[in-house]
Structure formats: C-alpha cells, structure tokens
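Take a look at this single chain, the form predicted on its own, given in structure tokens.
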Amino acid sequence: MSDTIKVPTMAEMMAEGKSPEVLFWVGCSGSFDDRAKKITKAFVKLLNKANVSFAVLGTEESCTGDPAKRAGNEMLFQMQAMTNIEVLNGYEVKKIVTACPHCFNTLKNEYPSLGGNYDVVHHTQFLRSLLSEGKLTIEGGKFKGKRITFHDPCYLGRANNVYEAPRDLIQKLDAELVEMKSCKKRGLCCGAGGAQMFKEPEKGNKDINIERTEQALETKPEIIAAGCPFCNTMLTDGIKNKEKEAQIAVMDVAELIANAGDL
C-alpha cells in the first residue's frame, strides 16, 4: 500500500490503549488478489475521508473458512473459525465491516454458534450509513447519467436480503441504474460460490459467468457494478470473453463512490 493510505492494525491501536469503532475485515481476496486490492484501497480511502476510527487485523487475519465449509470440509472450517474468534474476542471486537459477502455471511451467520458474536455489516451498508449521517459526501459527478447495472452477490442478496444499500449508493451518483432480468431475489450466481472460484468449472453447455455476463450486456451498460471481489473476477472474465473490456468497466460500488470526483 502507498504511503498516503493510513491503515492501523488492531495490535498497534491496542498498544496505544485505543480501540477502534470498527474492524475492517479485508478478506483473502482483498489482501492478495491484485484486482481486489484496488477495492480495499478505495474503501480505506473512504474510511479515512469520513474520519472513521478503524483498524485491520493485518497478519493476524486468517481466512474465515467460507471456501472450506462450502466445499464440505467442516473440520477445517471450524479450525479456521475458532482461530479467528480467539483473535477477535481477544481484541474485544464489537463491529466488523467487510467488502466480501462471503466473509460477511460467514462472520455474521456461522460464527455466533462457535462463540463469535459481532455486529457485521457489508461495506455498501456502511457507506450508505456514512452518507446518510453526513460523514461522507459524493463529490463531482464522474458517473452522472452513466448506465450502470448492479449484479447481486448471492451471499449479500438472497442469503442476507441486502438489496437496497448498493443500489442507493449507485443512485446517489446520479447514475442511471438499469436492472438485469434476473436481479434481487431472482439474481443469478456469478459462478464463483461454493469454492468454485478456485477450480475450473465442470463440463457443460455454458459457464455460469458467461450466462450472467450476457444478462448484464442485455441492459447495454457502460459499467457493471459489483459488491463482491469474487463476482468482480467472474464478471471481468466474462467481459474479456466477449471482448468488451474496452467499452465496459466492472467496478466495485466502493470504487464508484471513491472515484466519483476524479475527473
């Protein structure tokens, strides 16, 4: 990360006798994937701009265990979860924000039964609350009038009924939100869930991410907005497959908000 981005760790804050208002859970993708790191940086830029007291776990953060659990390895999931819960409870973490719906769903719904009880919010929900509280304003209108379609991540939408937060943010950009035929409760998976992200798909007539990209293209968008790093990868691959990367951008909602004023 560049020098201009301030990202304190929980360990550093505790050493100073401080405790942040919120823990930013970065996730594997946001930490290691070059494309997803840009989403992480955009979100951190917004947190700093809004003067949010936050910290990350840094090297103490491990995978939530979502891929292991979805792939059927319950034992590995529980081992990973217990390690994280020990760290989180050690720091007395109360509130967690994450840009990954897989982390969001796992921390929110799977950790309580293992002793990890936290107020977990998706970054689109958190950004919406910062805007409504006036802590953050959207500057400029780089995306004003742009046709933007939003792809609902499975673990944000159908699994947790969060549909409006990302859409409210897109509409605050004065963009034209165009819906795909399969959206909200009828949204179609990008093809990465259930640990499919880490393997090649089984043989079939068509890959799911291509089907979903075709649905997005039917809306004639200038931008496909996503709220999940896995979805971002799958849709970007779909756009490349259709040779449309010069015309259509795939961007996370946080990137849209962070870049709205950059002309």
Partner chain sequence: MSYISQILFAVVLVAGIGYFAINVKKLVRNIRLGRAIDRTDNKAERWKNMVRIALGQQKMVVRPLAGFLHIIVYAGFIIINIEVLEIIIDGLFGTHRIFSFLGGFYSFLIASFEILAVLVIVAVAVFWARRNIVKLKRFFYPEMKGWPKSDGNIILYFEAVLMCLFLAMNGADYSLQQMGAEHYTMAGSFPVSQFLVPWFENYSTATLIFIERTAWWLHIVGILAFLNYLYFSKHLHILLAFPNTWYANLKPKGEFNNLESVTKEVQLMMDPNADPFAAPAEDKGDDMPEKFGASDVSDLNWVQLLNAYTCTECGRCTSECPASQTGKKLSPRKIMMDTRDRLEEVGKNIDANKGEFKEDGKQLLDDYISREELWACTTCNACVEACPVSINPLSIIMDMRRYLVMEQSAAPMELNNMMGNIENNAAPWPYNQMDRLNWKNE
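Residue numbers count along the first chain shown, from 1. On a predicted model such as this, the values are computed, not experimentally measured, just so you know.
Omitted from view is the form predicted together with its partner chain, to which the following refers.
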| query | finding |
| --- | --- |
| The single option of S129, N73, N117, Q171 touching its partner chain in the predicted complex, heavy atom within 4.5 Å | N73 |
| Complete contact of M14, S53 and A165 with its partner chain in the predicted complex (any heavy atom, 4.5 Å) | no |
| Touches its partner chain in the predicted complex: E176 (any heavy atom, 4.5 Å) | no |
| Proximity of R186 to its partner chain in the predicted complex, heavy atoms at 4.5 Å | yes |
| E86: touches its partner chain in the predicted complex, heavy atom cutoff 4.5 angstroms | yes |
| Any non-hydrogen atom of E222 within 4.5 angstroms of its partner chain in the predicted complex | no |
| Listed range touching its partner chain, judged in the predicted complex by heavy atoms within 4.5 Å, from 90 to 98, 189 to 197, 118 to 126, 142 to 150 | 189 to 197 |
| Those residues of 30 to 52 which, in the predicted complex, come within 4.5 Å of its partner chain by heavy atom | G30, S31, F32, K37, T40, K41, V44 |
